[in-house]
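To begin, one chain is listed below as structure tokens, in the form predicted on its own.
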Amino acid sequence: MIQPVDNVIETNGLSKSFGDVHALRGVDLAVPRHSIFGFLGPNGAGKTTLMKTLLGLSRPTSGSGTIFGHDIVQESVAIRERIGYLPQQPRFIEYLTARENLLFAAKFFFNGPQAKIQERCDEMLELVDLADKANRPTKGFSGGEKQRLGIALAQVNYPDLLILDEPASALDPIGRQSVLEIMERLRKYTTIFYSTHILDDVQRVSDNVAILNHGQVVTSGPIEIILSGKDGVVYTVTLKGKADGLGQRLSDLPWVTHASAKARNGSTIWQVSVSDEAAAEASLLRHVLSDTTVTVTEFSRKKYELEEVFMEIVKGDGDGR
């Protein structure tokens, strides 16, 4: 019996060139099983090229990659049997209903008993909240409804990996929210690898993130680590009153690595970087309040937004060459 690998997707130095254009430059990725992995980058970063290479639609110039432990070049047929794929703009036979489109596709891709095809299609329509529109021609579907139907089609063969290319890029906020909710429902059934440039979506649903710029992965890992920022754990303390000597007292604490202050609207805002989160959580506020001449109006751990981290990483990466 073949034992399952911990990572569904692994690449090592994967590169793809089109003449003098280097679309992918030594991409190293590891996508854990049953995770939602957000793959993001600015337009032209190489996201779609990577997806095509993983799917066996484009051969890498150099490097290697595996999906389910199978080589993406030599064993692409075996890989595709276990993958569901949603292109950025899914197409359907517009005069057919949603159910008819699913049934048509399922006859090619569904791996279960043929007698179960109808049941599986109804299950997928329920999953993506289209059961009440199952008998409508897809010609009249909204963009969000088409994306949801595309996910149902991609999921019809019980895939072990779902690859989504910009699944919510052209949708309004309600359509985007609906697609994200479906992705979260699917987490327990499959691994989801999706590309996007909508940073709020990534921050909401992703377990792991990789940022691609100019064909290179500039950072990758669990999203909570990415969002911790380059300064690590930082606490914000807002004070009223004169805090003479507070900077020195904070610097004397062995787990404080940096402390800085700025004045704003009659208050002083301290940013305190720490190396020991548990110690800071237990003692930092007590050390500040030991000065009875000050009043603490706010105390919190600094939270980074993905957009802030993304812009800092991408701009810091320069042209990637």
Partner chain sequence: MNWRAVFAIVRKDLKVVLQNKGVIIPIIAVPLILFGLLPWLSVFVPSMVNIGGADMEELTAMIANMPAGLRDELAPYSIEQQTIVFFLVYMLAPMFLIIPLMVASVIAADSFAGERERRTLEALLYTPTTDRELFIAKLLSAWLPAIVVALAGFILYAVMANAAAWPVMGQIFFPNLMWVVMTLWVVPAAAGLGLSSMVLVSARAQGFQDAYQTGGMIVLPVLLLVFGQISGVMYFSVWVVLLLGLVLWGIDAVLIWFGSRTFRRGRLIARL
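Numbering follows the first chain given and starts at 1. Throughout, rigid core stands for the largest set of C-alpha atoms superposing within 1.5 Å between the two forms. Since the model is a prediction, treat every value here as computed from it, not as a measurement.
Although it is not shown, the form predicted in complex with its partner chain is what the next lines describe.
For the chain shown alone, L227 is not a contact residue for its partner chain in the predicted complex, no non-hydrogen atom being within 4.5 angstroms.
Contact annotation: K116 falls outside 4.5 Å of its partner chain in the predicted complex, judged by heavy atom distances.
Interface membership of K52, defined by any non-hydrogen atom within 4.5 Å of its partner chain in the predicted complex, is confirmed. Mapping the unseen interface onto this chain, K240 falls outside it, with no heavy atom inside 4.5 Å of its partner chain in the predicted complex. The stretch that touches its partner chain in the predicted complex, counting heavy atoms within 4.5 Å, is 98-106, out of 206-214, 98-106, 179-187, 166-174. If you check its partner chain in the predicted complex, you find a heavy atom from every one of L57, V77 and R91 within 4.5 Å. Between the options P87, G247, G143, P222, the residue in contact with its partner chain in the predicted complex by a heavy atom within 4.5 angstroms is P87. The partner is absent here; in the predicted complex, the one residue of D200, E123, E81, D71 having a heavy atom within 4.5 Å of its partner chain is E81.
In a rigid-core overlay of the protein, G221 has its C-alpha displaced by under 2 Å between the shown form and the other one.
Positional change of Y189 between the shown form and the other one stays under 2 Å at the C-alpha, relative to the superposed core. Relative to the superposed core, Q118 undergoes a C-alpha shift smaller than 2 Å between the shown form and the other one.
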